[in-house]
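Read the single chain below, which is given as structure tokens and is the form predicted alone.
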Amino acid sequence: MAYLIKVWDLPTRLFHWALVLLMLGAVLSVLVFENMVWHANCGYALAALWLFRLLWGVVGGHWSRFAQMLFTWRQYLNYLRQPSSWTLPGHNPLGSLSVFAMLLFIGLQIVSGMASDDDAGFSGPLAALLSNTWVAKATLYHAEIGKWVLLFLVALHLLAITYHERIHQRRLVKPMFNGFQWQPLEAPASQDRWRHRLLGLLVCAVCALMVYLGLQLAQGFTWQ
């Protein structure tokens, strides 16, 4: 017997696909269109999205919360020994590490980008607040290190999805569209009613406002 469980709430699903589109836009705006204005705008939108995910990891749906992505060393070892034995919805132990790593390095890429100066007309909003040494370090990390780390994590993520879909017949892509996942055992469902979705919209608006005000504050320091 299998159970159809609501695992991913709508705000989590929208976050996921918005993250994909914005990261793709950030890459294409530089490598294809060579448009730093659009690259920066993608970065600012990513900053708001990143803040949203941090907050949603506390107040979001059951399986979107960080509390459901924390495991013991025994659980990690058991999963490594027998991945097919994992029956819980949401992220498995390695998947949770992937989420935390992605959030960490996306955050570093955002901050380093805002502190960068490419000496070709673009200067991040935080560059004027830092010494030349730190600006140079941020620029080096953003352009030469951080982007490759993120590309590696994305590639690893795609390989993991393919592995689970093909080898273990565990559907991971479709639930990120409709929110539902078939499970062999009963498990708590994530809240996804309109009240919960409106909370997600409010959290997103607050995060966007925080980024906007932060940028205005940084520009105010720049003008002095």
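Predicted model only: the values in this text are computed from it and were never measured. For every residue, the number given is its place in the sequence shown, counted from 1.
Just so you know, the form predicted together with a small molecule exists too; it's not on screen, but the next bit is about it.
Participant: I need to confirm a contact call. Of Leu156, Met36, Ala187, Val59, which residue comes within 4.5 Å of the small molecule in the model of the complex, counting heavy atoms only?
Facilitator: By the 4.5 Å criterion, the partner-contacting residue is Met36.
Participant: Consider the chain as shown here, without its partner, and state which of Leu198, Val173, Ile167, Leu70 has a heavy atom within 4.5 Å of the small molecule in the model of the complex.
Facilitator: In short, Val173.
Participant: Is Ala26 one of the residues lying within 4.5 Å of the small molecule in the model of the complex, judged by heavy atom distances?
Facilitator: Residue-level check for Ala26: yes, a contact with the small molecule.
Participant: Report whether the minimum heavy atom distance between Gly43 and the small molecule in the model of the complex is within 4.5 Å.
Facilitator: Gly43 belongs to the contact set for the small molecule.
Participant: Might Leu19 be said to contact the small molecule in the model of the complex, defining contact as any heavy atom within 4.5 Å?
Facilitator: Contact with the small molecule, yes.
Participant: Using a 4.5 angstroms cut-off on non-hydrogen atoms, would Lys147 count as touching the small molecule in the model of the complex?
Facilitator: Although the small molecule is absent here, Lys147 would touch it in the model of the complex, with heavy atoms inside 4.5 Å.
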